[in-house]
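This document starts with one chain, in the form predicted on its own, laid out as structure tokens.
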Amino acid sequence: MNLVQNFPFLSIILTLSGGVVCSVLKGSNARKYCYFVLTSVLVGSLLTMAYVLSTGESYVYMMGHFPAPWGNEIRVGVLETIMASLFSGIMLLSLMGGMHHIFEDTEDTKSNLYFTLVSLLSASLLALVYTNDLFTGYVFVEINTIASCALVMIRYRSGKALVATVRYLFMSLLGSGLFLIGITILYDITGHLLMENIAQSVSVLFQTGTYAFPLSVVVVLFSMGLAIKSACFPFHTWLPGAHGNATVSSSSILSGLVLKGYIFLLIKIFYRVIGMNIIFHERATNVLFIFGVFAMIIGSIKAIQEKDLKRMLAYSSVAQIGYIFLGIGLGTEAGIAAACLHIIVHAITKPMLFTACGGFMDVSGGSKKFSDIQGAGLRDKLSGIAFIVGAMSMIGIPFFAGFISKVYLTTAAIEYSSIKTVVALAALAISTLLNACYYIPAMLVLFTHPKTEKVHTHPRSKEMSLSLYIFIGLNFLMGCFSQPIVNAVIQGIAMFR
């Protein structure tokens, strides 16, 4: 076995052990160690992606070289390595962008726990990306849930954060429960937990008509459980409170990464466990398509009504999740590819917007209300530029990242040739217009001179500046030179078949 083929497994082990190490270090040392872990995982993921792209084939890694059912497996393909690189890179940038807020919003004696949670969250996201075993996926779904809720609650001086955490935990556990019941039923009718083995058994069951109703129930449970956990409409009500009341880095991580991990797991299950032909037959894609369309419209309408910048960005995430589910709901390979592209676009854009919001809060007395952040883009010009770039990307202006994913979503909808085409194109047009209706007024507020000048309450750190510069560069890179990424995503999806 080539050395680089061990990197995905080592990445999961390194991040898990990082959670243990950070728990016994002081806050500043825990921060350095967390940076080291995330940087190592990013480098390892990029090297693994280069290896898989060069071979053109995925591979299975057996832990301890023991086959199932005694051992466990992870599967590594192009799409998995893209997501692993994306998740570790954005996690690192999100931490850098909101680092001083982390130490301000947590108790001095407990700041190291934040980095413990980030390490565990990173491990869970990598495991969801790479796992080849459904029950292992469930275990790390629960680790992800606990770490995510704790990242919201760790803002100890905010009573609203505690209330938001309880709502988040309740909805997330509901989604986890449905997912676990689905796994239990599937194991009962197939006798397997490995994805390839389940897929073979499910194919035989579908062809013979055996266990048709339980199989339909499994599809519903998986779809609804992971839709709830990814805040798809109408299960989104917990998201604005959680993202709006968390510290800046937590908001960036939750919106940019955590929700995407569940969606990617759902795509893997559709392709590699159930089979897209069965998913299409069960009409699960139609339901997800409807959820996506409503999310795109209602999320944007709620964002327009907001007077709080972070909550506006949270409702914007609801709408953007809708774009992803619209692509999945098309049920075609082109639609799935467009959905994966929008996962990438949203992951490199929304954390930048939340980080910029942190900069505006720093120069506006800590407030995120539109009435208080007037002119904040003039007081913190780098955050203002980053917000403009992020807003243009989310609206879908050419040369920005969001334009690329919206073009591919439109193309995928046109290729479908059914009533979904009309609905999808109308939803894309209306949602894009609505996006402009809340991002443009927000920019006007940020770049309008206030009646009373605010003062800097915290100088922008070098880490935050570097994070914003990289985010801006990634957006332009994706917007102007996206073809290699598009080709890699398409190749990765082909490996799922």
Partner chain sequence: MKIREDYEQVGWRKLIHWVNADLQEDYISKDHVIHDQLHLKENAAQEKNKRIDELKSSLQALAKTHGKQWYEKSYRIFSIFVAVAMIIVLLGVVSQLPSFGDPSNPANNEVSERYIESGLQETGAVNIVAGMILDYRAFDTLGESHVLFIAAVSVLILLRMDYGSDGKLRKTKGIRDEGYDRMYEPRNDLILQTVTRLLFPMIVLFGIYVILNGHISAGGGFSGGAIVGAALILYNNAFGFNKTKRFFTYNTFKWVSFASLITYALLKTYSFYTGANHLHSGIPLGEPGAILSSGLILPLNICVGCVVACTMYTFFTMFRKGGM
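Everything quoted here is computed from the prediction, not taken from an experiment. Residue numbers count along the first chain shown, from 1.
Same protein, other form: the form predicted in complex with the partner chain, not shown, and the subject of what follows.
Picking from 110-118, 350-358, 401-409, 324-332 the stretch near the partner chain in the predicted bound form, with a 4.5 Å limit on heavy atoms, gives 110-118. Residue contact with the partner chain in the predicted bound form: Leu193 places a heavy atom within 4.5 Å of it. Among residues of the shown chain, Ala147 is one whose heavy atoms approach the partner chain to within 4.5 Å in the predicted bound form. Using a 4.5 angstroms limit between non-hydrogen atoms, Phe206 is distant from the partner chain in the predicted bound form. When the partner chain is considered in the predicted bound form, Val24 lines it closely, a heavy atom lying within 4.5 Å. Comment: the partner chain is not present in this chain, but in the predicted bound form one of Leu92, Leu265, Met153, Val389 has a heavy atom within 4.5 Å of it, namely Met153.
Shown without its partner, this chain lists Phe294, Tyr187, Tyr416, Phe370 as candidates; in the predicted bound form, only Tyr187 has a non-hydrogen atom within 4.5 angstroms of the partner chain.
Contact residues in stretch 116-139 (any heavy atom within 4.5 Å of the partner chain, taken in the predicted bound form) are Thr116, Leu117, Leu120, Asp133, Phe135, Thr136, Val139.
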